[in-house]
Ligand code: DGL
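Presented as structure tokens, the chain that follows is alone, the form predicted on its own.
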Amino acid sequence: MDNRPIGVFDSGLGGLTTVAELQRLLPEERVIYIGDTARTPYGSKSPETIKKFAGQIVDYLIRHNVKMIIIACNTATAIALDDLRKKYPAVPIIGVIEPTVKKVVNDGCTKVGVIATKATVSSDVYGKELRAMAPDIEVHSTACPAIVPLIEEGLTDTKIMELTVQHYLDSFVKDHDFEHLILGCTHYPLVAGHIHKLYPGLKLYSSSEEVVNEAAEILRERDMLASGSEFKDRYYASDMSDNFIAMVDMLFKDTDFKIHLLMLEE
């Protein structure tokens, strides 16, 4: 048993979908969540900048004695995961990409689409990981840079979001004719409803869901599951926007929480 909290971070609000999934699957676990809302989105930034930002957040979480860190950001996973694991080998650090890839391959998919940020698509991390596990798999990726800023502005359930999703996916789905789509950003489950409406034949893979399944497996194997923890979940944002507060209200409306401002180093 280990009642220390799990650290979870993202470039902004999207990682809250991972926290919600964590609370659904492992309700005894407590979390420290950091949303880097002042510097979102990461997807359009350089690899050096992404590594710097992710390193600052992980340093903070380590200082606060977390037992595990979930990088609930595909961009940070793609760019910074390996370096962070080398720096902190004693703490399990898991990203959202490998668990999602495992699920897709285990399901026997032969052709898959990936939507993600520019940085994640440019790194081809999903393609590399998928082909490493299934050399014959056909992978098609496209960047959807406007989706994250619209979510961060609170425009998720709007016509403009539906049109944005359609703008990115119409020709992508038609041209490549795949039936399985990886939501390669933890923000994207928040627009899954639009995708289902527009493309009902697609099976969606949520990186938020798969990383929590991986976390649960690791905690069970290491006898680190929590039980009766008195620790209170903590939510931090580097910019206390109204949108962040509204997102926490929406996802955790029955939870007693406080949101704290966290000034991260520049």
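Heads up: residue numbers just count along the shown sequence, starting at 1. Just so it is clear, the model here is predicted, and its values are computed rather than measured.
One more form of this protein should be noted, the form predicted together with the ligand, which is absent from this view; the next part is about it.
- Shown alone here, residue 53 lies farther than 4.5 Å from the ligand in the model of the complex, counting heavy atoms only.
- Although the partner is absent here, residue 117 is a contact residue: one of its heavy atoms lies within 4.5 angstroms of the ligand in the model of the complex.
- Among heavy atoms of residue 130, none comes within 4.5 Å of the ligand in the model of the complex.
- Within this chain, residue 165 is remote from the site of the ligand in the model of the complex, having no heavy atom within 4.5 Å.
- Between the options 121, 182, 148, 80, the residue in contact with the ligand in the model of the complex by a heavy atom within 4.5 angstroms is 148.
- Contact with the ligand, judged by heavy atoms within 4.5 Å in the model of the complex, is confined among 38-46, 57-65, 233-241, 219-227 to 38-46.
- Scanning 74-92 for heavy atoms within 4.5 Å of the ligand in the model of the complex gives 74, 75 in sequence order.
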